[in-house]
Structure formats: C-alpha cells, structure tokens
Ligand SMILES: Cc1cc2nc3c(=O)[nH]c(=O)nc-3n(C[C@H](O)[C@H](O)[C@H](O)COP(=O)(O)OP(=O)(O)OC[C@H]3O[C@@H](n4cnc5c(N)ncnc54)[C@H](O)[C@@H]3O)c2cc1C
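Taking the form predicted on its own, here's one chain by itself in structure tokens.
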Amino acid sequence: MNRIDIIIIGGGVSGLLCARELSNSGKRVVLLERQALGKESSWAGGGILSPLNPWRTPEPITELCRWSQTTYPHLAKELHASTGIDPEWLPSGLIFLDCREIEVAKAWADRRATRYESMAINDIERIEPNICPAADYSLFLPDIAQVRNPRLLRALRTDLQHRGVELLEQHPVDQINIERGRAVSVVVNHQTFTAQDYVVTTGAWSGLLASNSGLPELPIMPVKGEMLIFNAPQGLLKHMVLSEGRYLIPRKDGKILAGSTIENAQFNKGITEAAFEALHAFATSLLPALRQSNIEKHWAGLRPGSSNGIPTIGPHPDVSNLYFNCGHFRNGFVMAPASARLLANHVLQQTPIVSPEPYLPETKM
C-alpha cells in the first residue's frame, strides 16, 4: 500500500468530515470502518441542526453548533454540486410546544441575536393546522434547519471517493498498537496499516477502543435511541416540532420522523414494543392525521453518550500522534463540521476555530 499520512478509524459523519478536512490539506487519508459507512448513530439520528434545548446547552457545545450552523448551507450546496446527491439542508424551523422556560429561552435568544416568536395556540394553528398543541406557552425558532442524515452521508461518501480518499468498509479495528508514546499500527483482517497520525471517530465504541489499546477508558458510553418514520402525505407538517423531549421532523418528500427514546442498554440495538408504542402514541396524539399513515421503519441507534455532552476532540495527552473526535451524544450532526475542522486544526497545527481546552482528551481521562 502507498504511504498513508492519516488513518481515521470510524466512518460516521465525524469520520467522513474529518477525512474531507484532512484530504483537503493534501494528506493521504485512509478511513477504516468496522461495518458499512455511516450505518450507526449517524444514520439513526434525526438531523436536527440544533440542540433540543439550546438555552440550556453548555457553552462549548454552543460554540461548535454556531460554527457548524453557519457552515451547513455552503457544505450542503457544495456536496450537491460535486455528487448530484442533495443532503436536503432545510431551514424548516423548530416549534417548542411546551416551552416551560420560555422567559429563559427568550432571554437567551435576545443575547444571541436569534430570531424567535412567542406563540399562543391560535398562532400555532395558523402555521401548523394539523397539530394539536396542549400548552399555551410555545416558542418558534424559524432559522433552525435540518439535514437528511442518509443523504448527507451518501454525498460525503461519494465526495471522498472523488477526492481519492480510501474508504475501507468491513475493517474493524479492535486496538491501536502503541510503542514509546506513539501509535505505530493497526491490524485489520490480517493486514497491517501504518501511518503518521491516527484519528479515532468511533462514536459509542471509542471508549472500548481506547481501553483495548491499553489507554485509560474514555468516559463515553452507548445510549440507545429508537425512532419511527411515517410515510405521510406531503404538506401534513411543515415545521419541526418538539414536545416533552420528543420531536416530529418533516422531510421534503412528506415523510415524518418521530423520535426518540433514551435508553441505557449497553451495545444492544434491538428495537422494543414499548418504545414503538410510546413513539406512536406521542406522534399520533400530537398529529392525529398520522393515524392514517403507514409506518415505514422502526429502528434503533447507539449515541456516544458523555456526562455533559461535550465531545472529546484533540490529541491524546500521552500518545503524541493519536487524536480523538467522539462523544457528541445527541448533537453529533449539528456539531460535526466544526468538530472536524477543530480536529484538523490540531493535526495540521493550525490556529483553532474555537478555544480547544474544553474538548481536550486530558480533561476527560
């Protein structure tokens, strides 16, 4: 195999965007994914480009979100142009139906110069006549956007192939071989891969990979989330809606995604009848017309949970050429472009886009 500058372990949205950032700098990048690209948490999520309660979000998460939110329109347009695959970036706005912290939320929006609208029930009925709001203290943030996860992942894959990045699926990395404070190789399917630098973007499996490599285990754990998608008629719902911690997301073609549960189930991704019933009841009580729509799919994914949701991004404190970009919990997609750029800043020794200290591995281990 030709010289490899950087090995990226993990092929979700974080790994794919890291590969894009690093290959843009002229580095030869090989990405190793244990199964199919983008089929874990990145595929399973909803693609809301905002934390679900942005006014209660820690500042380090907010900083990455804001950078990414300004980047996404250009990224989606560029990927669409280069691949012919539309990631469906859509500024559909988000209605918080049960915003019990509405004064706190409004004060946050004022500080951030974020557009918002306080909404009574009749205001909601005006813009979303098919939903049944139960509370008269709602907030509408019209600029919150979404992307369609599987389409963005396919576009990134195609874009990276055009750039010459080697994407190796069914290549599970169980451990990184480390000698004298440096990562020296990984062995996959009886083949040894060596590189100058190594980047771990393995989501919920990142802690296990660190532990298997003889390093202190990162405080990242799998958190299961189950979701449904309804094959609904186009135009039934126009805006994303959040109520009691769950949400409905309308796609461009009319399909409506309902999510999600939060379950500690280790690495068990099995779907459950209890979650199905809870999500179906939530969706159809909020949007009764969904009772007439077939459910296209019910699935589960494993989020990379962490104690405060702040991701781990940067060099390992004791292994000079080993870097991490993981632990994004529920905000992986909204933070992904900024996280990848910050990771690239570390690897390429560039000025970081945000202060790097809150994300460094030494603060987590």
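Quantities reported herein were computed from a predicted structural model and do not represent experimental measurements. A residue's number is simply how far along the shown sequence it sits, counting from 1.
This protein has a second form, the form predicted together with the ligand, left out of what is shown; the following refers to that one.
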Notebook entry, point to check: Ok, Met227, Leu79, Leu236, Leu286: which has a heavy atom sitting within 4.5 Å of the ligand in the predicted complex?
Noted result: Met227
Checklist line | in the predicted complex, the residue from Leu64, Val29, Ala340, Leu32 that sits within 4.5 Å of the ligand by heavy atoms | finding: Leu32
Check: Phe333 near the ligand in the predicted complex, any heavy atom under 4.5 Å?
Finding: yes
Notebook entry, point to check: Does the ligand get within 4.5 angstroms of any non-hydrogen atom of Val173 in the predicted complex?
Noted result: yes
Item checked: Any non-hydrogen atom of Ile9 within 4.5 angstroms of the ligand in the predicted complex -> yes
Item checked: 4.5 Å heavy atom contact, Phe96 and the ligand in the predicted complex -> no
Check: From first to last in sequence, which residues of 297-314 have any non-hydrogen atom within 4.5 angstroms of the ligand in the predicted complex?
Finding: Gly301, Leu302, Arg303, Pro304
